[in-house]
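Shown below, as structure tokens, is a lone chain in the form predicted alone; questions about how it binds or moves come after it.
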Amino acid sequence: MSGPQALVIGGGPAGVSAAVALARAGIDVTLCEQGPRLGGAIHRQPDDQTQSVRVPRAHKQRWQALSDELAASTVKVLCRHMFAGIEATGAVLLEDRNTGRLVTRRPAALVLAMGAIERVAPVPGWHLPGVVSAGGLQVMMKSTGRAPSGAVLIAGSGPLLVALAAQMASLGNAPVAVLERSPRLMSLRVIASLLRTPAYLREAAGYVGTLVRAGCLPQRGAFVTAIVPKDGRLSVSVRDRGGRERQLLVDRVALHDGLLPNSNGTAAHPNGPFLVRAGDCREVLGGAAALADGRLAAQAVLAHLGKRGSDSTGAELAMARERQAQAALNTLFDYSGRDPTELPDDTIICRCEGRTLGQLRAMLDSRDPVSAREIKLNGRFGMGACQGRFCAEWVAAFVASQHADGSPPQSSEIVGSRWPVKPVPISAFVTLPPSHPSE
């Protein structure tokens, strides 16, 4: 196929949807996924196809229909190819994890559908072995088809806590407790808002039914205050809405405090291709919205290339419905985490570099204002493997709490924008091949 070429990054619902729509309009499309197979976090496929994790029927049907469309299309799929950024000349860099080399591409258009970033609010001990994110634990379960062994505590805020707990229960190891920080219950107003998207109510009912049978309903208004090692396990301090504290001895803790769009490295480059973001990478609305947003991203690319696509009215209406549903759901949760001023000095803030809140406080005690660059380069906050994607928000929140006057640095300033957007082996640069001849 000759003509305009498009590169789509991310093999979840938004990326696959955008790739299929572009191919249908006659665009030469390459779809890249950093994992070994397509699906993204929402539709993660098991390593062993004989294993499976119970997911809502609507999820299965949605992914199967999209997979069938992809199979019938002309889209070229490259798995184990990680987006590394857009370098100074405008070339898109990909790390081919099969060969360990960097590959360059110069498409006319680039669609980034890299999903969301999971938030975990810092608590003392969250850096210990055995403490993971709820999303990471769910990905592991979907990949292996097995629940984690031992006693597992799930805590934080958000609908993912209930989904993860129900999936664990269906695999034979229900969590010892599910702690939802927010005390708010589902109201009639929320139910009325969700009636326009009844799939959410059916999904929630299925999860709750599983947890009722397992005897593991979430405890609302409860949260973790500290985690310490004890006899090879984890002793977790839990506070309830009445201020009472208790201890739980567990083998693993899964924490989660909502999701953020993954905007890292997604800024358009003056010398680079036309760029558009799609799905949770742009706005966190879930799987159904990601399908619609992928189609809208394809429409934006086609308009830029001077080509005509299909009518986008249906996709825009779907996005409006999903946006309303997510806004209603979000009123049920509390993603704020603990007040950073209440955390002790030895609380790790930057897990990659092991930097503590006390070290950040010491930097801020200087008479001179501390810039975002100084916080990162001198304080080493956000200098690790995640490049601030998981800690910059909390660093910025604490700095803001200490600023009576002036403008504290924003998390985006700490993260910055550069390539590679994730660590890439030096050997991949050393063996950098020439640009793809057709691009």
Partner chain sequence: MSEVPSFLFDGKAIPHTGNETIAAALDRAGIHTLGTGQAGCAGRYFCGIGACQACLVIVDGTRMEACLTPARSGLTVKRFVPVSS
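Here the structure is a predicted model, which is why all the values come from computation and not from measurement. Residue numbers count along the first chain shown, from 1.
A second form of this protein, the form predicted together with its partner chain, is not displayed here; the remarks below concern that form.
Only one of R146, R321, R241, K307 lies close to its partner chain in the model of the complex, with a heavy atom inside 4.5 Å, and it is R146.
For the candidate set S401, Q34, Q410, S67, a heavy atom within 4.5 Å of its partner chain in the model of the complex is found for exactly one residue, namely Q34. Taking the partner from elsewhere, F333 is found to have every heavy atom lying beyond 4.5 Å of its partner chain in the model of the complex. Taking the partner from the other structure, its partner chain in the model of the complex has no heavy atom within 4.5 Å of any heavy atom of E316. Shown alone here, F390 lies within 4.5 Å of its partner chain in the model of the complex, counting heavy atoms only.
Taking non-hydrogen atoms only, A325 never approaches its partner chain to within 4.5 angstroms in the model of the complex. Of the stretches 378-386, 22-30, 57-65, 392-400, only 378-386 has residues with a heavy atom within 4.5 Å of its partner chain in the model of the complex. Taking its partner chain as positioned in the model of the complex, the residues of 351-365 that bring a heavy atom within 4.5 Å of it are, in sequence order, R351, C352, E353, G354.
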